[in-house]
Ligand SMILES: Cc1cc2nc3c(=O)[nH]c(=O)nc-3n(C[C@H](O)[C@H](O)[C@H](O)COP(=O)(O)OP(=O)(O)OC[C@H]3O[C@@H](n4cnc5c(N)ncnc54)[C@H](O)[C@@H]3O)c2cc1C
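A single chain, nothing else alongside it, follows as structure tokens in the form predicted alone.
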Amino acid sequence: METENNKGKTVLVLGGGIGGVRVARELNKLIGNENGITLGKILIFEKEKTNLFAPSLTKMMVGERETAQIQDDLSKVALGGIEVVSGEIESVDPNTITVKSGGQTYTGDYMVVSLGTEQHDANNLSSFGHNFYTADGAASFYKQLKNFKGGKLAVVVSSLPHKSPVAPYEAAMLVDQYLRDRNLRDKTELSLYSPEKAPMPFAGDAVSGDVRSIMQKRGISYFPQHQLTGASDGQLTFTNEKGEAVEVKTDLLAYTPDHRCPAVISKSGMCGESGWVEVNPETLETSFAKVYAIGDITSIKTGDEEHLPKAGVFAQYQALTVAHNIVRQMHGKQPDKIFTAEGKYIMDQGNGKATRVGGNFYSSSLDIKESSAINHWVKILQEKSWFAGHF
């Protein structure tokens, strides 16, 4: 029921990715909006016309998905009280809860920042390889992989932090399976280079050790503590843990881009010392009143050196927390829902099997489940249910 407290309230949602769409849909439901009955307005600001299910990009790398299968038209989200404002966000003022886009200024009562990361090219890598964190990059990699006859193939994490921390390891395993299926594995040196001290170190020594063991059994050479410092056609240069320069030859390269906080948010004064938006780890509140941030754009410390991974599964749970608490405030009630960092994500290994890593990421009580066909199908279901449930 509409009250004086929530009458005509407007929520500005910055970003139409997984977190932005989830928070908008949840707000719409909790506010009580229906087609023809709008009790509150939700504006999604997004420059892209489509919503991409990024966890499936690794499948695109090996030809198991095409772009049309893992994206949908963002305009389909506009129902009830949800509107989509298409175009670049020109400026954001968290003090006044205003956003400027397309030359027009929009004012809200609440703001949820879910703009994810801004991708940049490190060491001119796009001239020599494929950024598999984009649909175009994953597709172009597969185009070359189809004609690959063997040689040196590298998956490179170009910098930290990066989103989807499982993706580089999953990419290497799916490529490994692709090569095995075509009798090219014994003709290929498959390597993964990363600045990380171990695979997904935030998950703890046991999980890191298990992932390293899986790669070792598959013959995937793993080079941790290798920071990319240069690239040229067919050659990469790293600095290893000893500070030594290491030169590596490549015939085919897949890489993660440099991830940064979007410039429009950096200019708004919302970023902390980490370079990202720092939030209350339980409520996702920023230092600005009635302004929240969720997903990859946030920085949440979970230990002395570790931070909550930038992964879509957390953006979705954070969206539910924030939506619930905003609507409570609209009705003059105290927010009472907290984000607990419980979650799991699945690492596909090819051949119809996948491994699940999960638990409480705040307490670091995580485990890894054995590779199974069930986990593989759970991951496929996640993709299908995303679009079925939100578009």
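The model shown is predicted, which means the values in this text are computed figures rather than measured ones. Quick note: we count residues from 1 along the sequence shown, nothing fancier.
From this point on, the text means the form predicted together with the ligand, which you will not see here.
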Open item on the list: Can you work out whether residue 88 and the ligand are in contact in the predicted bound form, taking contact to mean some heavy atom pair no more than 4.5 Å apart?
Closed with: yes
- [ ] Classify residue 193 as contacting or not contacting the ligand in the predicted bound form by the rule of any non-hydrogen atom within 4.5 angstroms, answering yes or no.
- [x] no
Open item on the list: I'd like to know if residue 130 sits close to the ligand in the predicted bound form, meaning any non-hydrogen atom pair within 4.5 angstroms.
Closed with: no
Task: Any non-hydrogen atom of residue 345 within 4.5 angstroms of the ligand in the predicted bound form - done: yes
Task: Among 321-329, 55-63, 29-37, 349-357, the region lying within 4.5 Å of the ligand in the predicted bound form by heavy atom distance - done: 55-63
Open item on the list: Between the ligand and 15, 116 and 164, in the predicted bound form, does every residue show a non-hydrogen atom at 4.5 Å or closer?
Closed with: yes
Open item on the list: At 4.5 Å, heavy atom to heavy atom, what parts of 308-346 sit next to the ligand in the predicted bound form? List them in sequence order, or say none.
Closed with: 310, 311, 312, 313, 315, 345, 346
